[in-house]
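Next up: a single chain in structure tokens, the form predicted on its own.
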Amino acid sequence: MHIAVGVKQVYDVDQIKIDPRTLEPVYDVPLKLDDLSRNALEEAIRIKEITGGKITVIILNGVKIGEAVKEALAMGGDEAKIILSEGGFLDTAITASAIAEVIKSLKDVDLVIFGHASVDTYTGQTGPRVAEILGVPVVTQVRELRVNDDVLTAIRDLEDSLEEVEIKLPCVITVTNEINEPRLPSLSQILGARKKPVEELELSDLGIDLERGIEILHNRAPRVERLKRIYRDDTDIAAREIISELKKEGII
């Protein structure tokens, strides 16, 4: 079975700081493989361990790509296709079109797996858009997946309920973080990743419409003003005053 996994490199959001003057994020932080991309890749590896085959990792990014591809190959990807862009924000329409074109060029892909969303934009659109372009079925929000020849049984997380569906290959799947616990590659796997084939492709060479449908004007954190109120009365009175203020603010 040939499995393509769409992964994304993102900023480590735990390390992003906010400029107090502009309220804009300060992006001088490390990049990493998105957490849900790791879940998608882990699921592909588990399927490959059962069925055999090959895993192709596909990544699109406008910034320097390094550790994300290395980690994906070290975890178990067999090859990587890197789509290089000139930088800047790429909306989901461009992203999905680019990934779909690469998948078409591979010709023999049976299954495509994505994380159901990425930690930065969290649109959840890329997987379904790719499925639409390829003309294959899609199942989203998958938390459990079983393979039986050319049929997949997927358990979908619908928040207040679970849904079990069957789907025939080829298809696209998007997974949640409940589906597995991604493995940590060993030292030998990390070293071996350097020998795996990596192909770089220019976004402009894929023959897709590069006109952005979305423009980011600002990305600002909300300004939070503290009341800076000090309660000096005894505990019971102070507690009642605090509760009264919380009710006024609509918090309780």
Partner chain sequence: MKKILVVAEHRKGEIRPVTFEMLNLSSSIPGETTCVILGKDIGGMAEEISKKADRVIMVQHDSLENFNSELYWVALEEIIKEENPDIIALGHTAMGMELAPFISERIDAPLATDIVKIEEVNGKIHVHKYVFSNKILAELELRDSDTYVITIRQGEFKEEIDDKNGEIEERSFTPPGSISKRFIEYVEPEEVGVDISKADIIVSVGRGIEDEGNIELAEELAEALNGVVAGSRPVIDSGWLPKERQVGISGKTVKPKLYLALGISGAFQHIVGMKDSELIIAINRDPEAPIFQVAHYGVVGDIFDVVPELIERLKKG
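All values derive from a computational prediction rather than experimental measurement. Residue numbers count along the first chain shown, from 1. C-alpha atoms forming the largest set that superposes within 1.5 Å between two forms make up the rigid core.
Here the subject shifts to the form predicted in complex with its partner chain, a form of this protein not shown in this document.
This chain appears without its partner; in the model of the complex, the one residue of Gly213, Pro197, Pro30, Gly192 with a heavy atom within 4.5 Å of its partner chain is Gly213. Its partner chain is not shown here, and in the model of the complex it never comes within 4.5 Å of any heavy atom of Val147. Although the partner is absent here, Gly124 lies within 4.5 Å of its partner chain in the model of the complex, judged by heavy atoms.
Not displayed here, its partner chain is approached by Asn219 to within 4.5 Å at the level of heavy atoms in the model of the complex. Within 4.5 Å of some heavy atom of its partner chain in the model of the complex lies at least one heavy atom of Arg232. Along 120-147, residues Asp120, Thr121, Tyr122, Thr123, Gly124, Gln125, Pro128, Arg129, Glu132, Ile133, Pro137, Val138, Val139, Thr140, Gln141 each place a heavy atom within 4.5 Å of its partner chain in the model of the complex.
Taking the rigid core as fixed, one finds a CA shift for Thr22 smaller than 2 Å between this form and the one not shown. Core-superposed comparison between this form and the one not shown: CA of Asp12 displaced by less than 2 Å.
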